[in-house]
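Coming up is one lone chain in structure tokens, specifically the form predicted on its own.
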Amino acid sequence: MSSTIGFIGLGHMGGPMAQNLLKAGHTLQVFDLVPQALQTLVQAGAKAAATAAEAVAGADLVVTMLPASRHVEGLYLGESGLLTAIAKGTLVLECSTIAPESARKVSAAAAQRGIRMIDAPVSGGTGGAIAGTLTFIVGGADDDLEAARPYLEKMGKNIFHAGDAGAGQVAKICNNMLLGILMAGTAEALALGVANGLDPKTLSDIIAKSSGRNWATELYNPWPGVMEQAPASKDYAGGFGVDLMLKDLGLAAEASMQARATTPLGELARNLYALHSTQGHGKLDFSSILKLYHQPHG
């Protein structure tokens, strides 16, 4: 059954997600601050909106995918915020990765207006967004998740209910903190092996079948040329940016302070990515952390 969907935020993740909803036969009203991102969706059959409010007019469902907490709060809240333009009873999927406290704040404001909202941050990267195989980590009410499920299933293959509003964000932050740690560790191990004369592909193959195996060695190797489809083999273009990983590690640090939890490896990873970013690599894929450990000769 076709629905009218207002989709706001058409970047590396949001764009492909919107494309998959179009392919499923839904009508999309889309908005983004980048004209080229809008144009790509229009060419695929979406209708461009001049404002975010126009995108949600008459929508059965609203999806947002934005960079950070301040963008989400800035979009939804306030006297002229998007919540004032969304009809009562409308279902909202907020798919950005933001602070759990921000998710709870926006969800509470939505509930006051009779708007149903779930936080549904994603895992799986741009490849998962394009293929429609993302993992959605949901916080919110059971009934709202079930109403969202048919749409989520067009964009992803794994849907987890982490708990109430904000819980999806907590789980996503934990996952991405671990991802930052294991990517830095994988880069460090490969650089050590190469420095001692090993071939990076051979070492990667050994690790992938040994106890050190992980998502990076299996699907997202940080060493150029080891995996043809990985960003490392494309000059670290596309993928999940260093500055986005740095943002998520910052969210983990904030969450650990609020809960009085200890995250020494998460903090170390955050410092490594901060150093890497200040060296001019913020827009590269996060697997480029390898550059901290290995500089090619020539």
Ligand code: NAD
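The first residue of the sequence shown is number 1, and the count goes up from there. Predicted model only: the values in this text are computed from it and were never measured.
Below, we refer to the form predicted in complex with this ligand, which is not included among the displayed structures.
- Site status: open, since this ligand, placed here by C-alpha superposition from its pose in the model of the complex, has no atom within 2.4 Å of backbone or C-beta atoms.
- Mapping the unseen interface onto this chain, Asn214 falls outside it, with no heavy atom inside 4.5 Å of this ligand in the model of the complex.
- Shown alone here, Leu244 lies within 4.5 Å of this ligand in the model of the complex, counting heavy atoms only.
- At the 4.5 Å threshold, heavy atoms of Ile5 stay clear of this ligand in the model of the complex, well away from it.
- In the model of the complex, this ligand lies farther than 4.5 Å from every heavy atom of Thr90.
- Stretch-level contact analysis of 92-100, 136-144, 198-206, 184-192 against this ligand in the model of the complex, using heavy atoms and a 4.5 Å limit, identifies 92-100.
- Checked against this ligand in the model of the complex, the candidates Ala237, Ala261, Ala57, Val34 yield a single residue with a heavy atom inside 4.5 Å, and that residue is Val34.
- Along 155-175, a single residue, Lys172, places a heavy atom within 4.5 Å of this ligand in the model of the complex.
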